[in-house]
Structures are given as C-alpha cells and as structure tokens.
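The data below hold one chain only, encoded as structure tokens and taken in the form predicted alone.
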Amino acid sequence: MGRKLSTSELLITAGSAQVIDLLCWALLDRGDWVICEEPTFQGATGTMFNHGARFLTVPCDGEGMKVELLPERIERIRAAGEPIKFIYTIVNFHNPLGCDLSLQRRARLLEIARTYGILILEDDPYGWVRFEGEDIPSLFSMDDSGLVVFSSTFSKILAPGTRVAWCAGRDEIIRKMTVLKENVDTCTSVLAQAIVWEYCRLGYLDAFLPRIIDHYRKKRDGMETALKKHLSPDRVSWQKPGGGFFYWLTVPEIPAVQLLEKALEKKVAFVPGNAFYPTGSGGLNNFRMCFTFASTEMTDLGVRYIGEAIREFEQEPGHKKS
C-alpha cells in the first residue's frame, strides 16, 4: 500500500469481494453512478449492479483506463443532477486485460478525483504477482486527500479458501464499513485470520512469495510460447502481461461466443469478452484466458485446439468478417 496505517484505517474482510459489497452498502443508493473501466471484472460490477448501480464506463488501452476521458463523462452526469459515488479501478495486471495503470495516469486519476470529490476504490489482488519491471506506487500511497479505499487479498498469494482480505481508507469510511460488516457476518473467521497471521509472522509468506511468482512466471511464459506457436498474428492479437493471471486476446473476424462453442467441442474453455462489459456493448471479438492453473503441456494443447477452432470457423461457408 505504500504507507503506514492506524488500526482505524484498516478492515479485515471475508475475501476482497466483501470489500466491494460493504462499500456499496456504505455509499450507494439505487440509481447512483459508478465509474469503472470497460472491460472490467464482472464479479465486481455484478455486486455493484445488485446494489442498484448504473455504470459510467471508460475504455482502456495498454496503459489501463484512459483517464483523460473522465472529466467530460463526469460533467455530463453531474449536469443532469445525478450522483457519482465512486470510481472502481483494477490498477495492476488488470482483470481481464492484464495491463497496469501507468504512473502518469494514476497521478492524473487522483487529480481528477480531487477536483470532483469522488472516492476511488483501488482493487489490487494481483499486484504481488509481478514477473518483471518495477512496482508502481499505489493510488493509496499517492493520495493526500483521503479519497482512496485500497483493497487486496491473500487469495492470490496464499490460498483462496482462507477468505481473508483487507481494505484501507480514511477512518470515516472504514468505520461505516465495519458497522455494516458486523450486521453481515459479525467478523471475518478468527481461525482463518489466526492461520494467516501465524503464516506471515513466521516468515513463510515472505519466503514463499518468490517461489509463487516464479511458478506463475513459468506458466505465463508457457502460454506466451503456445500462443506464438499455434495462433497466427494475422488473426489473433494479445499483450504479454507482466504479472497477474490473465491474457486478453482479440480475434477481429470471429465472435468469441461462437468460437467458444467450437472450443468446447475440443474440451477447451475460455471466458468470452462480452462478460466483462457492464454496459453490454463490447468484447464481442475478445476472450480471456487464465494461465495459472493448467500445466505448460496442457496449456500448449489447449491453445493448439483453440487455433484449430479458429481455422475451422474461418473455413465454414458464409464466414464473414464481424
């Protein structure tokens, strides 16, 4: 996070999904607006939608959210007299894009948030899993206005089943979220917290994290090799992620949902891109693949089958560019 906290600025939660849920309980009324990247993690926007949020979306490129587009969008909504409650951003190794929000854009995002007085939810489950390059300062560490709530989790670096995560922010918002949490589950499992605490206290996490990173780096490299081996750059494009869990692929001439049907016939699955668009207006020629689970051999086989599915789709009578 980049700076020292007082206990009143910290809340332990039952997974990072609960951070989003509690913040929505604390801030959102039905019909309020939330700003987010598009595409973005559908689990987060699904929770916001259940709380009645409407989505003001901002497109992304290889450096993350195009923050220069924010002022016009914010002013348009405010001119209609409607509230924008917070900005949601996945800053490191974005899900599903795999990119980082650049340092320059982080600084500009904070400037815009200060100008308009809008809180930021900085979601960072993947920042610990960096394969190369330098760490980029968190928005939370750069913020001097108390506008950022930072969220992270042990699920990507210890075990998802522990369901232990945390968030940090100014004491006012953390206090509200704490009261709401008491009404939801009283507290995060004390047993799970004790296990995580002891694991960290004994130095196991510090010792094991480099091995986790190296393990996932090899998986990433295996998928990169398979993509170059089995997919034509004339038909498919992607950006090699510097960390995290995901590749985001673009197939300009093929609807990803239809490609998935062919891939499933070969026992291969991926997530079509439209699932990551909260407005339902994009991602038709994109899909996300996770490289962290399968072995390098299985990854190679799976990508080979996807390549076969692409070629079979292109050979079908009546195939046209989408």
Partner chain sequence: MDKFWGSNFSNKALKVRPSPIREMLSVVNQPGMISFAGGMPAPDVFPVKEFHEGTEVFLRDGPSLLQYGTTEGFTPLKEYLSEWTAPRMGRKAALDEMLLTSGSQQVLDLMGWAMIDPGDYVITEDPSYLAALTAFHNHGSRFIGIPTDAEGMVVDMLPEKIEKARSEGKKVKFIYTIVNFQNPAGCTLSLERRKKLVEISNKYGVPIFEDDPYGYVRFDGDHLPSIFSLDQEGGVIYAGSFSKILAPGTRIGWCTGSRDIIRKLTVFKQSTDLCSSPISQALIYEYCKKGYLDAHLPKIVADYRAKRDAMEDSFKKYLPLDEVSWVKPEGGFFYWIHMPHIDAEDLFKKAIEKKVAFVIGAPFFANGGGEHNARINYTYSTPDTIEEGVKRLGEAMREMLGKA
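Everything numeric in this text was worked out from a predicted model, so none of it was measured. Positions refer to the first chain, counted from 1.
One more form of this protein, predicted together with its partner chain, exists but is not displayed; see below.
K.L.:
Heavy atom within 4.5 Å of its partner chain in the model of the complex: which of A294, L27, C60, L56?
P.N.:
By the 4.5 Å heavy-atom cutoff, the listed residue in contact is L27.
K.L.:
Could you work out which of R163, K219, R130, R105 is the residue within 4.5 angstroms of its partner chain in the model of the complex, going by heavy atoms?
P.N.:
When its partner chain is considered in the model of the complex, the option within 4.5 Å is R163.
K.L.:
Does every residue of I212, L231 and V236 put a non-hydrogen atom within 4.5 angstroms of its partner chain in the model of the complex?
P.N.:
No, because I212, L231 and V236 lack any heavy atom that approaches its partner chain to within 4.5 Å in the model of the complex.
K.L.:
Can you pick the stretch from 221-229, 152-160, 248-256, 89-97 whose heavy atoms fall within 4.5 Å of its partner chain in the model of the complex?
P.N.:
Looking at the partner contacts, the answer comes out as 152-160.
K.L.:
Can you tell me whether C200 touches its partner chain? I mean in the model of the complex, with a 4.5 angstroms heavy atom cut-off.
P.N.:
C200 lies outside the contact set for its partner chain.
K.L.:
Is G282 close enough to touch its partner chain in the model of the complex, meaning at least one heavy atom pair within 4.5 Å?
P.N.:
No, G282 stays farther than 4.5 Å from its partner chain in the model of the complex.
K.L.:
S138: heavy atom within 4.5 Å of its partner chain in the model of the complex?
P.N.:
Close contact is absent here: in the model of the complex, S138 is far from its partner chain, nothing within 4.5 Å, heavy atoms only.
K.L.:
Using a 4.5 angstroms cut-off on non-hydrogen atoms, would V148 count as touching its partner chain in the model of the complex?
P.N.:
Contact check for V148: yes, within 4.5 Å of its partner chain in the model of the complex.
K.L.:
Heavy atom within 4.5 Å of its partner chain in the model of the complex: which residues of 174-209 qualify?
P.N.:
Contacts from 174-209: R175, K176, V179, L180, E182, N183, V184, D185, T186, C187, T188, S189, V190, L191, I195.
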